[in-house]
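The data below hold one chain only, encoded as structure tokens and taken in the form predicted on its own.
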Amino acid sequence: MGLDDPNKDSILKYEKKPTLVTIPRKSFVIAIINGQSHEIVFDIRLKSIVSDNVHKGYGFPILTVEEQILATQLPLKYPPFIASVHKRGLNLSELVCAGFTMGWFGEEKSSSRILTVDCFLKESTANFFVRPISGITMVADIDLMKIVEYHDREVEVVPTAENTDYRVSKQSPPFGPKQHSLASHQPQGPGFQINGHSVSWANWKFHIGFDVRAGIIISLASIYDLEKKKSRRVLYKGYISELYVPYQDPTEEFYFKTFFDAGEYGFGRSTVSLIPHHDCPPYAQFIDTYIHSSDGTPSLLKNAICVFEQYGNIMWRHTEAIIPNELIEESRTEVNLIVRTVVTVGNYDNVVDWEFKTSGSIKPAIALSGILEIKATHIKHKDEIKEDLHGKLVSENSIGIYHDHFYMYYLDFDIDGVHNSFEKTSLKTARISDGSSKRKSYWTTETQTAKTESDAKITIGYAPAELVVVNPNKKTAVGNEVGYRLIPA
């Protein structure tokens, strides 16, 4: 459930003349009714349904928290699994289970919403992800809410709990190096203002939104031009559209772990409360939001987003020592504005930042934290390895499976207006063969403008290139097109 975004033209007209444009407030709801996925648009003011379409293609709605909780409780009441636990000499009350989406591998379209359910041993540690109960495959149908497939293939050792608990209260010596504290104070108060969901800071203005699938959304970002004495639009809307996490183990208990964290679990639904003084500095300001349960009941999520200024970096500097009898040293301190949220999907925590700079740059950034998911093995030392483990032996009886995290951003640029183009400028070697220079070669540039979306497909890192979004109708003082570079991290 979320807001049904009005079309872009209406938003831009409303921004210019809000009294002349009426935008209907609508919500978009995905509901499962009699096993069918309905996409419903609801007019909030009129309290009426505008449209109700049944989704007939591939894919299913985002998992609800309630569904996941119910599915993970199924094994604890399932006699074959209980027997498998007793066979391994484990205590059923010390187990915790988690549901994992199954992926799609070219099968015929299925009407069943299924999860695999893996269980872990939490005895003596909160870090249960490193203590999997391996050798068992359970598949649950979450519409029927029952286990529909079960295999106990082999008994594998459960990795030890020793030295795995990450809680500060459970740590024991030797501790890390002692660090001195830092006191932060802004005597004039914060340099930014938050009015509802609109933020003003330095030369920037933008809006912060929130969506059950995308999580934090930055929109209507514009920067004030001191020379032209007007605000200039940069970004209409930006958010993480998907996070793809494919594990590289083709075996029975891992092949299906090819997760789409936003589409399957929801980045908004997986957003967690930030911890003041730890996730954000003492002078940060926090924004609350609401998430909803499976029946639509709203639930307040405190401290979902924090906003703060960051100090300490160098924005620009130069030392000039060539002028006789004169030494010039100039440096500018950089102050940036950070908008931060944390999304926890299973064992991984994604620290999502949007960093605004007074230079006009916007830097989306990701810091990945959390816990490594482990596959159990009988191997205790590298010398025992006789075949491909599809990962690294990270400790005794524990394999960290190879995997990737691919973050995909939706970025709708409006550089000085809506008419923008995407350009790729490549380096091209030029040869000198006529003896006009002692050089034999040099490089120059060659620019291509994408005509279609297919033209804009880029393989990052394959060859040096500059990627730019430009407004071909707006020029700088020297005649260059106004634009923003996309700089891959």
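Numbers follow the displayed sequence, beginning with 1. Only a predicted model underlies this, so the values are computations on that prediction, with no experimental measurement involved.
Below, we refer to the form predicted together with another copy of the chain, which is not included among the displayed structures.
For the chain shown alone, I328 is a contact residue for another copy of the chain in the predicted complex, at least one non-hydrogen atom being within 4.5 angstroms. When contacts are judged by a 4.5 Å heavy atom cut-off, S361 does not count as touching another copy of the chain in the predicted complex. At the 4.5 Å threshold, heavy atoms of G191 reach another copy of the chain in the predicted complex. Though the partner is left out of this view, N195 does not reach within 4.5 Å of another copy of the chain in the predicted complex, counting heavy atoms only.
Partner contact region in the predicted complex: 351-359, out of 231-239, 351-359, 132-140, 408-416, criterion any non-hydrogen atom within 4.5 Å of another copy of the chain.
Of the candidates T160, T333, S110, Q285, T333 is the one whose heavy atoms come within 4.5 Å of another copy of the chain in the predicted complex; the others do not. Checking R213, K122, K375, K205 for any heavy atom within 4.5 Å of another copy of the chain in the predicted complex turns up a single hit: K122. Contacts to another copy of the chain in the predicted complex (heavy atom within 4.5 Å) from stretch 426-464: I432, S437, K438, R439, K440, Y442, W443, T444, T445, G461, Y462.
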